[in-house]
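A single chain, nothing else alongside it, follows as structure tokens in the form predicted alone.
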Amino acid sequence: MDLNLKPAETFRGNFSAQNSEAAIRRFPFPFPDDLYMYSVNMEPHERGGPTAAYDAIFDLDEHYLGECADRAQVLADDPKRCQVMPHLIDAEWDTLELLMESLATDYPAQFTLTRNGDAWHWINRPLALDQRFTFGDAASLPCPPFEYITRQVQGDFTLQDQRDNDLFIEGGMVTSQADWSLNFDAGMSFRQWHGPVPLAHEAGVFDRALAYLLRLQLGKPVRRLNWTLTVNPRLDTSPENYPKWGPDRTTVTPENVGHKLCLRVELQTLTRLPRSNGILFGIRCYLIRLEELVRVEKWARRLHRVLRDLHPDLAAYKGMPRYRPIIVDYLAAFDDGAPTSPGTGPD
């Protein structure tokens, strides 16, 4: 696959990031129906899906340079956004191998991996990186292996250690999260980590999800979508930086809602790792302004209906109680009442 990379855009400050027509059409729209209720909604993670966002094992797109630059800025300001507990060193090398192999396979014009035993040579052309290192020897890299490779991939990653019939989040690179903190959640069990989600616990969603993930097989990754709403195309909406982005919620008006409000979708992937037997949880974040999304008529109709009829507890959890009526009124103008076709892909 080819990457038509834009020059680095900003996901803070003047928020210059915007989606081309191609990026809009490849967006992983998360709603297969006109009504939404939180669910596990997992499926095999294979190449191919409703849009081009599913064509690679780890999706990269036109925003690659801007997102890597934003990650570097977050880490410079707060190095704790990347941390891995020492006992997960095998999982670090598992992650590096998986990501390098996947990128070199799916984007050969941009990435090259050459191996001669433990002597590896990695080339990342977009970031002008040319690194020779010894696989298994962390001293041969400029930073720990998990940090080294996840600095070069869009989206966040966490490492789950499996023991005692549970999963524990004990490592991660988290710089584009939707209002949760790696530093706070590190060491938590699966149910503790998902504690804030309303309604799903009572429905047994997380009990079923945990049982499923504990049986996740090597070579058979799975994926699901999650979503929320964000004011401005801001990647870093962390609790640590709430004073920077929280006040944005008071700036949404009927006049600017289409430009300021973004649907934020996470394409989440879960992959069993071979040496450590841990799970790599990828959280690939996509942002699309409402004024961009409504160019796809099916998505405009469906998003209006989903948000209009959303359970109040879920609306609060998704971060929009204050401006929900403004969003629904804006989207109503694009809903002519026509039926929407099945699935999440554009017509």
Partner chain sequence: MRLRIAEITVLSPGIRKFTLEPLAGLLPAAGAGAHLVFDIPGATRVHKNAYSLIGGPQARTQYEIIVRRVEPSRGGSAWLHEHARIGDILEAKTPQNLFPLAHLAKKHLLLSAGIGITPFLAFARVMRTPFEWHHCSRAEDSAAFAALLPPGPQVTLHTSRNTLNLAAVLGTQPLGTHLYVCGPELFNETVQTMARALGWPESKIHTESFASAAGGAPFIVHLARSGQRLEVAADQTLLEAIEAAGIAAPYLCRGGACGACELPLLQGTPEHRDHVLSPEQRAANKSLMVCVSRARTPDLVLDF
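Given the structure is predicted, the values throughout are model-derived calculations rather than measurements. Residue numbers count along the first chain shown, from 1.
Heads up, the form predicted in complex with its partner chain isn't pictured, but that's what we're talking about next.
Candidate site formed by Arg12, Lys80 and His259: none of these residues places a non-hydrogen atom within 4.5 angstroms of its partner chain in the predicted bound form. Looking at 243-251, 227-235, 145-153, 110-118, the stretch with residues near its partner chain in the predicted bound form, meaning non-hydrogen atoms within 4.5 angstroms, turns out to be 110-118. Contact annotation for Arg132: none of its heavy atoms lies within 4.5 Å of its partner chain in the predicted bound form. Residue contact check for His87: one or more of its heavy atoms lie within 4.5 Å of its partner chain in the predicted bound form. In the predicted bound form, its partner chain lies farther than 4.5 Å from every heavy atom of Gly48. None of the heavy atoms of Gly187 is located within 4.5 Å of its partner chain in the predicted bound form. A heavy atom within 4.5 Å of its partner chain in the predicted bound form is found for one listed residue only; from Glu43, Glu291, Asp309, Asp313, this is Glu43.
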